[in-house]
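The chain below stands alone and is given as structure tokens, in the form predicted on its own.
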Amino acid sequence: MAEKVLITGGLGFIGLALARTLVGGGMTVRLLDNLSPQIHGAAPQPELGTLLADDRVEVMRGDVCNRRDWVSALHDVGSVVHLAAETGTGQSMYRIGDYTSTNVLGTALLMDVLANDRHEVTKLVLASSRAVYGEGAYQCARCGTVYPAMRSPSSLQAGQWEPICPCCCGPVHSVPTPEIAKTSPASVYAATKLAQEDLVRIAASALGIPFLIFRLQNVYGEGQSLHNPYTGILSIFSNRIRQRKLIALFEDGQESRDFVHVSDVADVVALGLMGDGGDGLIMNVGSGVQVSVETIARSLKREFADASEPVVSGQYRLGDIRHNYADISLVGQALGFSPQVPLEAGIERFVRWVKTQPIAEDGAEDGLDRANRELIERGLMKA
């Protein structure tokens, strides 16, 4: 493997965490990023610390939807880590063209260049998402392991939050979702991530380029965008707490996810790049632990010493899933990976970093208010 690694979306928080890990391991990196205002703010000022002072780091401003930018970015690199993507589940339901263009066309252009131009790429890593599963795996006492379909608008309107068995309509409880679970995207974002997987898997196999696909769970950590209302609930809730605004929990607050610290994600990608144990595999990356949204809200409030209570709003968004957490046994077997940052410690680190960041102006409509208003106006979010 050539030493230089191209990281798309390289100035995002996963990209920067990965860059630091790879540079620390002796590699050189090229960071390709379009500096999207939604992620980096209206006047992009990414906090790069001393990273860009290192002569092993190169930054290139470019767009994955531009073939010429791909050609330039791929020059003299041995590996590609494709992180660049539009990531908002709710937003994807009305910015369908943008999400398809960036996520699907951008990946197609990457594979097109690898198929038709001279290059030195010998390894390709794609960051996919747990969203491709839709609802995760569930256990039914009568039917065994089942995979419920997306919850219907009528069920959500009636406050029937928990999925039911698709075979007998009985109660189910969530269990870890393995990679062999059927995929059933419940949002346009999820559909684009599954399309990315297919493009990489099919084209890279045909071209003889070793590849790995990581289905990331909910990634959080220091450096996560505080400007982007679609970036993740820890950033969203932290902003609300610091602005002394209400945290309104969707549904009944008991929907759950699997939260993995960004440093663990960087470590597993580095393992994939440095060895061949994961080549050709699609692997879950998470903590393997199920945590409710209410638990996250209360943990953050405790760290910020905020005594107010989160409020269960009963609001819901079409396309949201109820539960999903990862079976991470495959990535452990293939790459020897196990998460090193427990959630409690990760939240402490994250909050410590957030406290060093400026607080949005009081009284201003924050990103979450604006995002929710846009969803309500389009009939994609209900109270």
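A residue's number is simply how far along the shown sequence it sits, counting from 1. Small disclaimer: the values here were computed from a predicted structure and weren't measured.
Although it is not shown, the form predicted together with a small molecule is what the next lines describe.
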**Request:** Just give me the single entry in Q290, S129, S174, S235 that has a non-hydrogen atom within 4.5 angstroms of the small molecule in the model of the complex.
**Result:** S129
**Asked** Considering the small molecule in the model of the complex, which of A85, V121, A190, M93 comes within 4.5 Å of it through any heavy atom?
**Response** A85
**Prompt:** So which of 290-298, 205-213, 121-129, 136-144 is the stretch with heavy atoms within 4.5 Å of the small molecule in the model of the complex?
**Reply:** 121-129
**Message:** Test of understanding: in the model of the complex, would I14 fall inside 4.5 Å of the small molecule by heavy atoms?
**Reply:** yes
**Partner proximity in the model of the complex: V64 to the small molecule, non-hydrogen atom cutoff 4.5 Å** = yes
**Request:** Classify S79 as contacting or not contacting the small molecule in the model of the complex by the rule of any non-hydrogen atom within 4.5 angstroms, answering yes or no.
**Result:** no
**Prompt:** Does T28 reach the small molecule in the model of the complex, with heavy atoms at most 4.5 Å apart?
**Reply:** no
**Message:** Within 4.5 Å of the small molecule in the model of the complex - does that hold for a heavy atom of every one of Q254, N324 and N372?
**Reply:** no
